[in-house]
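In the block that follows, a single chain appears as structure tokens, in the form predicted alone.
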Amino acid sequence: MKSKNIVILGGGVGGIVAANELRRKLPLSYGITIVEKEKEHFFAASFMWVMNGDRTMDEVRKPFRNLIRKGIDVVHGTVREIDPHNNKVVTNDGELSYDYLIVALGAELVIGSIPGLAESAYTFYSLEGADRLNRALREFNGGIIAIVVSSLPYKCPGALPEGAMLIADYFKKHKTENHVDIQLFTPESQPMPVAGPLLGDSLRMLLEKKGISYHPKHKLTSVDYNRKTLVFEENEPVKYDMLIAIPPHQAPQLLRKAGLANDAGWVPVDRTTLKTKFENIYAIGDVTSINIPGRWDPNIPLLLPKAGVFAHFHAEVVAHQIINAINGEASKRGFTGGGYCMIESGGGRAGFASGEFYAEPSPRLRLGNVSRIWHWGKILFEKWWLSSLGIRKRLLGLIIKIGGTVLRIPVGF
């Protein structure tokens, strides 16, 4: 059988898992190349621990090569063009041909797309941003902290309530004498609206217990940074003393030119196989657009959230899809819509949200009890992910039983 070339664009969670799983299962005669512009990998789930001072920047990043199996070619460069008709990718380092392509380019932050936002806002959605915000929190003299979702969609919906609660916990821990009023604004109708009203109500109660004011249906249009004022589409302007934003997100523009993206700029895929409109091209993770059953709001279709756990699951599925295609076998493995996240609430405690996003007639999700166990579970997962491959056991899966709940963490290494 003729050997194939597999090219993976993007070295985030999805790209790393896909590359390692393919390398683990395929002979070395099959070429696997991953294109990633960064030479270090940043563990985004820990950015908020950098924000509140529990981690340094160096503790949540590792050399990219340390997380990749031997026998995987790495191109540290920028993707310039995808040519799906000729099976080629153009990077700033030259051209790559492929038999199979995995698009894992993620979502880009475009904080400058809302007038005044870049000049005025801090963010915990980047490593440098989280570190800068940590310094600002230490120097904050009190007043209103506005945390704003600037537009939809955005990755990791659980990060919004989590960030607000960790900031509240930061000031409680440091016993500042200055009054801090945390106000949370979002265009959504509730916290994590894709999860439905029950989980949304649970998160709203958690926020209220922390003294955090929640303001849904507030669509940001601009920021007057001289007057420190937020301007919303159909609500009154709001004053702030510190502004923290989840910046607008967009998919890389080159995907439109390649004919992969929909009108919103994201890549529609088959929800089970992750195939795009091109037979030999798959897309995984944040860059995708996947419709799911149900509508909590009759005017807004539900989409699978953008989160690292889904990139991880997608990557495993696509790796097996490609391996089976190479072997001329029908694939019996597909993405089933399951997902979870651990949401920090402060004080060394976290909740565990989990469920089935493909459930009919609408997603079935729940938020488990907030406890120290889930906080430690998140810490252990961070340590496991950032450990070098040389000291990892070759696990096919890890079963953790916590509080009566069985959680399968896929490994892909």
Ligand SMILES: Cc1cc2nc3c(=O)[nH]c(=O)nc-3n(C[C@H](O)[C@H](O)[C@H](O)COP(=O)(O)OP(=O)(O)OC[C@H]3O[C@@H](n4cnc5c(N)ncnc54)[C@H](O)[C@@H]3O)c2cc1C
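Residue indices: 1-based, along the sequence shown. These numbers were taken from a predicted model, which means no experiment stands behind them.
There is another form of the same protein, the form predicted together with the named molecule; it is not shown, and what comes next is about it.
Partner proximity in the model of the complex, defined as non-hydrogen atoms within 4.5 angstroms of the named molecule, places exactly one of 164-172, 197-205, 179-187, 309-317 at the interface: 309-317. None of Pro84, Gly143, Gly77, Gly116 but one reaches within 4.5 angstroms of the named molecule in the model of the complex through a heavy atom, and that residue is Gly77.
Residue-level contacts in the model of the complex: of Lys210, Lys155, Arg271, Lys88, one residue has a heavy atom within 4.5 Å of the named molecule, and it is Lys155.
Using a 4.5 angstroms threshold between heavy atoms, Gly106 counts as touching the named molecule in the model of the complex. Contact annotation for Leu367: none of its heavy atoms lies within 4.5 Å of the named molecule in the model of the complex. At a distance threshold of 4.5 angstroms between non-hydrogen atoms, Ile323 is out of contact with the named molecule in the model of the complex. The closest heavy atom approach of Phe47 to the named molecule in the model of the complex falls within 4.5 Å. Along 20-42, a non-hydrogen atom within 4.5 Å of the named molecule in the model of the complex is carried by Val35, Glu36, Lys37, Glu38, in order along the sequence.
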